[in-house]
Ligand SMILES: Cc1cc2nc3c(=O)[nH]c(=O)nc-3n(C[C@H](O)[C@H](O)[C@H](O)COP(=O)(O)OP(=O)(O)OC[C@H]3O[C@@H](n4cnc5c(N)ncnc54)[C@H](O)[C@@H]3O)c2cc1C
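Just one chain follows, in the form predicted alone, and it is written as structure tokens.
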């Protein structure tokens, strides 16, 4: 049987492994399976990465949203192997995945080698600190659930300390204004930074209702959003950026544009203009790059961001048996001078495309070429609102949307991801179950 290996259980990789397992990894109608499908990931569970800002703000409990890879494999006809990709031998068509330690550091799973006929790399991206002194050591990225949970716990601890200070020290900024008792600095005003800033404002309001009554959520918890470019959401249309900035200002978020961060030190963020922004907590959301392991994979070409350079078929340039999708792939976007953007919708489209391509591969037919379709972008501002632009043939161009309709569209994106993994019937049941669970829980995770 043909051996498929998918490395990376993010949105695109897990959707692809699930669909390949359903179609080719199961014995259907008395026929033998046509392929073996193996998913490799360093973590045992999956969570949709665009939700991590909600985990960080405490408005989502990650343990109610995580999916066990081993369970998904059992249900959908593929095998799961936990471990991190460490080596690729293209001549032998073999990958090596690292040992997995337990909580005490002892080896739980040994280093292993897996052989493939077709390899799909979908290992996503990591935070890019751009070599800024102190950024990696003194700020928190939001790449994993563990990082998001670490930020949430530190935020609640900072608020509790401020609440119970017997003699709080009043500090003032460079303009002489009294500073908040707790200040969060978010470096990078892309989608993650903007969404986190709005979600944190909701968290501050909820914490004041759940025991921290001495904290004024609007004044005592400050949020500073720092962007090196001339406006927030630089990758989105200007009118979306303007509408979002107006909403954030109404929420009391301090926006600093044109401020390039030069240093992140304990308790302070410094910029090239000479500003020193006090920060009890700093989040780094200023950019992404591909994981370093990609540049070490047996000579596969990468671009300056470390992404694998792929053809329109999503095959790597020098090896037709190795494919890449999602954030780790540099794929040309025809009609533009850019590559396909690193968005969840792109990973979803590429996973659907590769599922059809793998069918052609098994049947000996030519592989098609991938064309990205931009359906627009949506930015959540928590329960307050959402803003975005819709694009496509149905509306004949681009349309700005905001408010309740935009919020509904944003929530639908995650539900479509759940439907891709479980089918629409289970997605509906999952939606109802989570709604019922939330009616008996506080709006922010407090422990």
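Numbering follows the first chain given and starts at 1. A quick note: this is a predicted structure, and the numbers were derived from the prediction, not measured.
Keep in mind the form predicted in complex with this ligand is missing from the figure; the text below concerns it.
Contact check for residue 50: a heavy atom falls within 4.5 Å of this ligand in the predicted bound form. Residue contact check for residue 194: none of its heavy atoms lie within 4.5 Å of this ligand in the predicted bound form.
At least one heavy atom of residue 142 is located within 4.5 Å of this ligand in the predicted bound form.
When this ligand is considered in the predicted bound form, residue 43 lines it closely, a heavy atom lying within 4.5 Å.
With the partner omitted here, the stretch from 301-309, 70-78, 237-245, 339-347 that lies within 4.5 Å of this ligand by heavy atoms in the predicted bound form is 339-347. 84 is the sole member of 179, 84, 374, 117 with a non-hydrogen atom within 4.5 Å of this ligand in the predicted bound form. Residues of 309-327 that come within 4.5 Å of this ligand in the predicted bound form, judged by any heavy atom, are 325, 326, 327 in sequence order.
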